[in-house]
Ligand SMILES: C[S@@+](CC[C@H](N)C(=O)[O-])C[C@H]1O[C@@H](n2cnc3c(N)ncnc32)[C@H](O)[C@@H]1O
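Below you will find one chain, with nothing else, as structure tokens; this is the form predicted on its own, and questions on how it binds or moves follow later.
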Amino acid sequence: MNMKTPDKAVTLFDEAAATWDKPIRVELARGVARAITTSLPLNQTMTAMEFGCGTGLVTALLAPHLGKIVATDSSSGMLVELRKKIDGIGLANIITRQLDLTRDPLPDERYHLIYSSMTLHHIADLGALMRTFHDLLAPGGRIALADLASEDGTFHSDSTGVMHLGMDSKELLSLASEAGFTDLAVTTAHVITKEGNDGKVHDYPVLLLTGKR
């Protein structure tokens, strides 16, 4: 992205970064990481990229299962918090990179795994993103993309930067297939139980899309 003109969503995430790691998000990260390690054959020879890493809640859990991880986010504030974790816990195999794959030039590296959690619903053109993921993977590489199932608009208290009210599983499978992925599957990784913006408590399923280049 053009780092001189950050959009409102990036500014929002920068401001929220220091207090991001609330219990509900920690539990979500555990559920997503568990689903990824259960669904895919991870090993310590693999180089991975996280798209939209935030403060690295998922990356910190996957780090012991992988080789090098390039943790990317468009928010500098989120990456500051992740670097604190890297230093504090000693996660030597994680590299942070400020990057927006929807706007910036693509890195030269190719990865064995690209994963994300709760980032897809912030992306307007998911088909283009799926094609970008396909281009960035080495032959045989995998995707593991977790996000909200379709919801009724009650999940977010602030809709800034929200492009989709969750993900439809059939649409996800279709977009990934059109981008060239095979061995596709959608499972439920986690269920977030919280009060929506309508004042009622809801269960919000989180889907995990996996596939192979």
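Just so we're clear, the structure is a prediction, and the values are computed from it rather than from any experiment. Sequential numbering from 1, following the sequence displayed.
Omitted here: the form predicted together with the ligand. The next part is about that form.
Visitor: Does residue 62 reach the ligand in the model of the complex, with heavy atoms at most 4.5 Å apart?
Guide: Answer no; every heavy atom of residue 62 is more than 4.5 Å from the ligand in the model of the complex.
Visitor: With the partner left out of view, is residue 122 within 4.5 angstroms of the ligand in the model of the complex by any non-hydrogen atom?
Guide: Yes - in the model of the complex, heavy atoms of residue 122 and the ligand come within 4.5 Å of each other.
Visitor: Classify residue 176 as contacting or not contacting the ligand in the model of the complex by the rule of any non-hydrogen atom within 4.5 angstroms, answering yes or no.
Guide: It does not: once the ligand is placed as it appears in the model of the complex, residue 176 has no heavy atom within 4.5 Å of it.
Visitor: Spell out, yes or no, whether the shortest heavy atom distance between residue 93 and the ligand in the model of the complex is within 4.5 Å.
Guide: Close contact is absent here: in the model of the complex, residue 93 is far from the ligand, nothing within 4.5 Å, heavy atoms only.
Visitor: Only one of these stretches, 48 to 56, 182 to 190, 33 to 41, 166 to 174, has heavy atoms within 4.5 Å of the ligand in the model of the complex; which one is it?
Guide: Comparing against the ligand in the model of the complex, the contact stretch is 48 to 56.
Visitor: Out of 101, 130, 143, 82, which one falls within 4.5 Å of the ligand in the model of the complex, going by heavy atoms?
Guide: By the 4.5 Å heavy-atom cutoff, the listed residue in contact is 101.
Visitor: Of 56 to 90, which residues get within 4.5 Å of the ligand in the model of the complex if you count heavy atoms?
Guide: Residues within 4.5 Å: 57, 73, 74, 75, 78.
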